[in-house]
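One chain is shown next in structure tokens, namely the form predicted on its own.
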């Protein structure tokens, strides 16, 4: 019984860390600069498949067999997700927020269809198996625990980078563009360049989350990147935790993931004829929770707070 509880705890915290990475990536785009990216699933999937192809064993059914170290696979995942974000951003970031949302949905659907139908690249709906876990050979029998440490190490790193970015002059420009873009332009800031930088950075973090997911689960297929799991939940996590607050993004990820996992356990006790509708009931429960948070805490559980000013001691001449 203890082994079962420990195993579920590792599973819960690891996937919670993956969602925390996704929420941190979205926080750079939406929380910092106000870009409405509704195509999170695309960058999540590209990161997962890129890392799986780069590190997985050879398989005649799909591209791969490079056998690179996991850290190179994760770096490649962030790179290819950022590259996709750069290509998309150059075309779409000139659009208004609502049009950007429509464009990102369409691009996410294109990526999903490519992953589903290009068998030579991704093995189609059959997916990619045999994705290695880091440190599994060095720590036999504890691959899941090792992956938990790796994932939360990545969360900690992303949190530090986001926090420094938020306090930096670059972050202040992003928030200025978010709050009053014409005023930022009047001060000589190239808003398109700053928005593109934030979009690419957020996509890279999302790709890193996809890599972490692939190496933890060991198998990926297009169904794993359904917009409900890979886009809707991430938005709920960020809004519930507090948009613009990195700590809130992590808190929201753990809270909403806990509710989502808990409702899955509870639906197992429902009558068999009702369990087929359990997925819709779980989405409804998340929606109700989000509405309650928006009514009681409109800015999220941990609202954004302006960074403390850095006072420099004046030096006498």
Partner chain sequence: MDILQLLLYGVVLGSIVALGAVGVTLTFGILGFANFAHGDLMAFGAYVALVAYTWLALPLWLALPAAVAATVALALLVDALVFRRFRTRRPIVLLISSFGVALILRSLIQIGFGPGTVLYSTRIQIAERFWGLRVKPDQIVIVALTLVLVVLLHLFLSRTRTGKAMRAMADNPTLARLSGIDTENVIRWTWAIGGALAAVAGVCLGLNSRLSPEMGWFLLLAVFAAAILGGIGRPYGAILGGYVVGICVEMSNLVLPAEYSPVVPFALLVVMLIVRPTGLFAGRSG
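Numbering follows the first chain given and starts at 1. Predicted model only: the values in this text are computed from it and were never measured.
Beyond the structure shown, there is the form predicted together with its partner chain, which is absent from this document and is the topic of what follows.
- Of the residues 192, 145, 157, 101, just one reaches its partner chain in the predicted bound form with a heavy atom at 4.5 Å or closer; this is 101.
- The putative spot formed by 105, 239 and 295 is fully lined by its partner chain in the predicted bound form; each residue has a non-hydrogen atom within 4.5 angstroms of it.
- Put simply, residue 96 is close to its partner chain in the predicted bound form: some heavy atom of it is within 4.5 Å.
- In the predicted bound form, its partner chain lies farther than 4.5 Å from every heavy atom of residue 75.
- A residue is said to contact a partner when one of its heavy atoms sits within 4.5 Å of a partner heavy atom; residue 162 fails this definition for its partner chain in the predicted bound form, lying far away.
- Among residues of the shown chain, residue 287 is one whose heavy atoms approach its partner chain to within 4.5 Å in the predicted bound form.
- Partner proximity in the predicted bound form, defined as non-hydrogen atoms within 4.5 angstroms of its partner chain, places exactly one of 279-287, 245-253, 48-56, 262-270 at the interface: 279-287.
- Counting a residue when any of its non-hydrogen atoms is within 4.5 Å of its partner chain in the predicted bound form, the hits in 20-40 run 30, 36, 38.
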